[in-house]
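In the block that follows, a single chain appears as structure tokens, in the form predicted on its own.
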């Protein structure tokens, strides 16, 4: 039965009492200003020692007795049809144990899987690939999205290359533009970007009778289990997916990629475990990307900066997959009474897109915030004041004020006004993301015969610190330290959990952990009350004991666990649905200061100030790490990252870590992170995810800072030296 209570929700200066109905069995959320002993503290990662010592095992570290190594033959053409394949010589290789030919006979990007080999060594497997004889029929292709939109372009899909992905209207855009005091229109291009995870994609598969176990590099243990079961037409209960540690994913590991069923099929054919690890080159070709975008925005406002209307027309390519949407964040960030959106997926013969940290939002905010700065300049208004005027979020408006003071926004001059060759500029951008969590995940908390505490959940820790925050939540509820909780994750044989994406993990899993720990605590108290003869209100739970307040009498958890037939106390809880709250979307903003050398075109980010809220911060150390990572990725996207395709041949030119550039340690600026306190409600830990919000505004703030420094807008990312110099030259010619 639901429990009714009132919670103090909001943020300093804006608190209110909100009546909520808590889900049955859920503990009452901790008070906003409660001084908790473990939660909210800077607890080091509980798996940190294992990671720095090498004890932590990743998929790439695993080896099984009798394990074979697999390699994949990939189509070298962007579009081709298989005419003939002969694997006899590969099968005859003395070290080859299995050969698999893919069912697909038409390949739509360079890198598509054609066949695979399992052999006793990786060198032998790769050698055997060279023995496979293949005849392809080359087919017309198109990898340039602008060309793919033209009539008569080679078709990627039978339905055509262009698909409307989003179309919406509100109010009368045309009338509002006519009535506006100022209207601007600009086009912003962003490139295809790659995930570049520290750990690549890989799978190790083993059959034991009908039981298939796969150690997989994934962000979605249960989703991969179900996808693999469908692909193999095998009962999901006979498929086990294990992911102990992960070296990042950023969305590229939210789905099952081909290496997983290939490893499983080869293992079945060979009668031995098979490990298939993708090279960095394969990773870059085949395991997803952030889609490109070409966004044309028209924005109108009244003389005081109040937005009247926005028109958003955009297209982008995710290769052979869709997902090209950029306007999702527009209503959450600013008020637009009149709005028109038309977005298109453009299909090309290139590797598939997939979610990448805040999909669509990063690209969209770059264009939206550029349009706001451009309009502000036309009106002669401070772009920060324009944002404050049109922002519906009281939280973000407060955050903007904090960030402006910390970056020294008052120093910002008119665009291009800095004298000398090295010019400084300031930029700002906002963010929003709903990470309030989902129901469904389960956590089991058990107390063993020795009094040891274990929390078990099938969720995966993809490097964000999920083990640590689960340990903290359970420890807080039971009155022990986080180090005294063993957390077991990443196994589809454990209690169910959702994928780690969309900034959902912390807000979805920690409420279940707290509910399970609360059940354990309540059971221990009841047991002790009966055993000791004291009232529940006179008992307290801490240090692996139930104590009677004001006396030296106590009962150990060890004693209570041993008193059960199994010698173990176990309590499971499921994450329930959200209840009422203050604001489900994490707000935030970032300010960037840059220096641009107008002689060389080099852009250097000097400082980023990041102000974010995400409900209750369970561990400031881990939270700051997430914000740091988002900022670094955002700067990298703004200045360096782009997949390059030679459109004449349809092949990727920089599918490696040498030529695909990402931000290095020496290029990381000062990053000042400011947590903004918000009592959010919605779940019993009041957590809202921070993973996506941390990257959304960074590239936009950097791009706006560059425009402020130069007095010229660079209309295409990444903002490379050649583009800076080209824009300055064009601007100079236009002024003559």
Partner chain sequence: MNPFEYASADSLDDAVALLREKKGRVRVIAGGTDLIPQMKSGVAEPERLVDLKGIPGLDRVEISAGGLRLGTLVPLTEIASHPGIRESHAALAQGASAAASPQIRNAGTLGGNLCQRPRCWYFRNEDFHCRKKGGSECFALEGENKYHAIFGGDDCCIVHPSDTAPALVACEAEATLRSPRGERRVPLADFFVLPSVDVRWENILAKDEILVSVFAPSPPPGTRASYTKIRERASFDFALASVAAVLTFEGATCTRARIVLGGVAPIPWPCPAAESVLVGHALDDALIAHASNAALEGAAPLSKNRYKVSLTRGIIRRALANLNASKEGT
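Positions refer to the first chain, counted from 1. Since we're looking at a predicted model, the values are computed, not measured.
The form predicted together with its partner chain is left out here; the points below concern that form.
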Which single stretch, out of 535 to 543, 418 to 426, 347 to 355, 99 to 107, brings residue heavy atoms within 4.5 Å of its partner chain in the model of the complex?
-> 418 to 426
Residue within 4.5 Å of its partner chain in the model of the complex by heavy atom, from 338, 529, 161, 642, is 642
Checking 167, 646, 304, 210 against its partner chain in the model of the complex, the residue with a non-hydrogen atom inside 4.5 angstroms turns out to be 646
Exercise: residue 563 in contact with its partner chain in the model of the complex, heavy atom 4.5 Å | no
Does at least one non-hydrogen atom of residue 657 fall within 4.5 angstroms of its partner chain in the model of the complex?
-> yes
Using 4.5 Å between non-hydrogen atoms, is residue 661 touching its partner chain in the model of the complex?
-> yes
Please run the contact check for residue 185 against its partner chain in the model of the complex: heavy atoms, 4.5 angstroms, yes or no?
-> no
May I ask you to list the residues of 575 to 609 that have any heavy atom within 4.5 angstroms of its partner chain in the model of the complex, in sequence order?
-> 597, 599, 600, 602
